[in-house]
Every structure is written in C-alpha cells, then in structure tokens.
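Next up: a single chain in structure tokens, the form predicted alone.
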C-alpha cells in the first residue's frame, strides 16, 4: 500500500495546481504509531503531508458530505461506495468531487494489536512485506498483517473503488471466495430468544456516546431522531431498553445504504460489534432485492423509493 504514496501526492498537486479542486482530503501521519488522521490540503506545499499505508482506516467520505467547494478525495473501495450512495441521495454533488481511487488490501485494527500485546505500549511500528513489526519498552514483536486486519476487511469483496476519476495503481483481483455473511448465518441459526439475549448482552456496555453515529458518513441528518424533543421518541438514558431502541432504529436507518466500512465498530470505545445488526439488513437487501449499496450512481437504494410491484407479503 505504501507504494501509492508518491502517486497520490502527484495527483493531488496537479489537481490543485490546475485549479480543478480547492481542497484535497486525504490522510497524514498521526502522532502515535499505526495511526493516521484525515488531512485537508489547500496549499501546494502541504501536499507532502499526504500518506498512504495500512493505517488509513478513516472513511473520508464523511468529510465530503456538505462541502460546497470542489474537492479531491482519496477513496478506498468502501469510501468510494459511500460517496456513490450519498451522491444518489443528493448529499454530494458528483460534479464537485474528484475521486482519487486507491485499491485497498485491508486496514489494520489497532484494537486487535493492543489485545495481543495485553496492554503493552507500542512506541514504534513498521508495516512491511505483510508483517507488522511493533516495538516498545522491553519488547519487539513481528505480527502477520493478515491476522490483524479489521473484521470488515476480512469479508470485503470490493477492494477496488467502483467509482473514481483517477485510479492510483492497478486494480486488485475481485474477491470471490469470501463468505461475507458467515457471522450473520451463525446468528440466524439461533432461536429468537437466543438472538435477543445475545444483543442484550452485546449492547449492555453501550455508554451512549454516539461515536458510531458521529463517524458514519450516512448519518448526515440535520436533526437526529435521538435529539428530537418534540416529540421525544424515547429516553436518552443508558437504560438497556433505550439503548437497544437507539441501535435498532439506527440499523433501520442505514439499511440498504451501509457498505460495511466498519467505521462504527472501530470508533466504539466499548468494543461493541456494531456490524452485526446492519450486516443482517445488508444480507436481506442482497437476497430480496439483489442490491448492494454504492456500486453505481444510477440505482436508488431499495428503501429510498417505492414501486407498486414491490413485494408486500408482510401485510396481513
């Protein structure tokens, strides 16, 4: 992934110099090992800040929604898919965005590394040749990169951006051997009572910080249902019933729109597996409507339009 860095900088510099865009949104090195942070480049001399590596996990489409100026954005497969979804929903003017597409081989889940090291502080880290070398006070460990990728990367079948204006490097082979719904199928095999108990236990640690909502590119509502007071839909307490309603309603909100980028799970400070509920809705959309979000700019998400011929067998 690191080999793309110079190419990204060259493209960004040309776009700014030719005044094709007013702003480049990409990644820059973070202050801690294995961390990057969103980077907003307006000046040519700042292009050198842009980086590309296995720690570029933030979904940058979040920062494109609502932008009025012309922007260039570095986009992995999941970023580009969400740009497509938001463009279809008229939240991103496609003509104002130059998508710098980058094929992605997966991003690192730092929480998995922290768990492996059992709390030891990482002071230096290098990712090279599919290995992660981490060092700290009194230890040095080499880890296989494939074992420490985000869960969403393990099941991703769209490593290439489906929409782009400039493509960095060559497209990766399409993944066809991944059972992306294995976790969902495991839950489906349980009884209704077992599933309910599973989600009660999983969501019981939620502290209602709304990091999942705030990081999601699809949560662009001016007023979230959580914050409405006229009417008040449910309590804003951390009572389990309030918490579960929040997560269930949010899952319905992104149904047919989510691309499983995993940003919500990565942002959760309580390590809740927030992908499970939404992954189930994704499976339903694929089976019922043969639809996958963000693969093009023509098709509206199934729950975003009504057709007379829609199946209505749920009406009794």
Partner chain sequence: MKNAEEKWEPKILAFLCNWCSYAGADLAGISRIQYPPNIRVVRVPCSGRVNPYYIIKALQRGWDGVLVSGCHPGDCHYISGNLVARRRFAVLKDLLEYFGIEPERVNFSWVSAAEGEKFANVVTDVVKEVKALGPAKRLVKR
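What you see is a predicted model, and the numbers here were worked out from it, not measured in a lab. Residue numbers count along the first chain shown, from 1.
Absent from the display: the form predicted in complex with the partner chain. The rest refers to it.
The contact with the partner chain in the predicted complex, taken as any heavy atom within 4.5 Å, belongs to 255 out of 255, 34, 268, 51. Comment: the partner chain is not present in this chain, but in the predicted complex one of 244, 87, 156, 113 has a heavy atom within 4.5 Å of it, namely 244. Between 161-169, 233-241, 104-112, 138-146, the stretch whose residues reach within 4.5 angstroms of the partner chain in the predicted complex through a non-hydrogen atom is 233-241. Although the partner is absent here, residue 199 sits close enough that one of its heavy atoms falls within 4.5 Å of the partner chain in the predicted complex.
Within 4.5 Å of some heavy atom of the partner chain in the predicted complex lies at least one heavy atom of residue 303. Contact annotation: residue 281 falls within 4.5 Å of the partner chain in the predicted complex, judged by heavy atom distances. Proximity of residue 225 to the partner chain in the predicted complex falls within the 4.5 Å heavy atom cutoff. Not one of 3, 7 and 67 is positioned with any heavy atom within 4.5 Å of the partner chain in the predicted complex.
Using a 4.5 Å cut-off on any heavy atom, the residues of 180-205 that reach the partner chain in the predicted complex are, in sequence order, 184, 187, 188, 192, 193, 195, 196, 199, 203.
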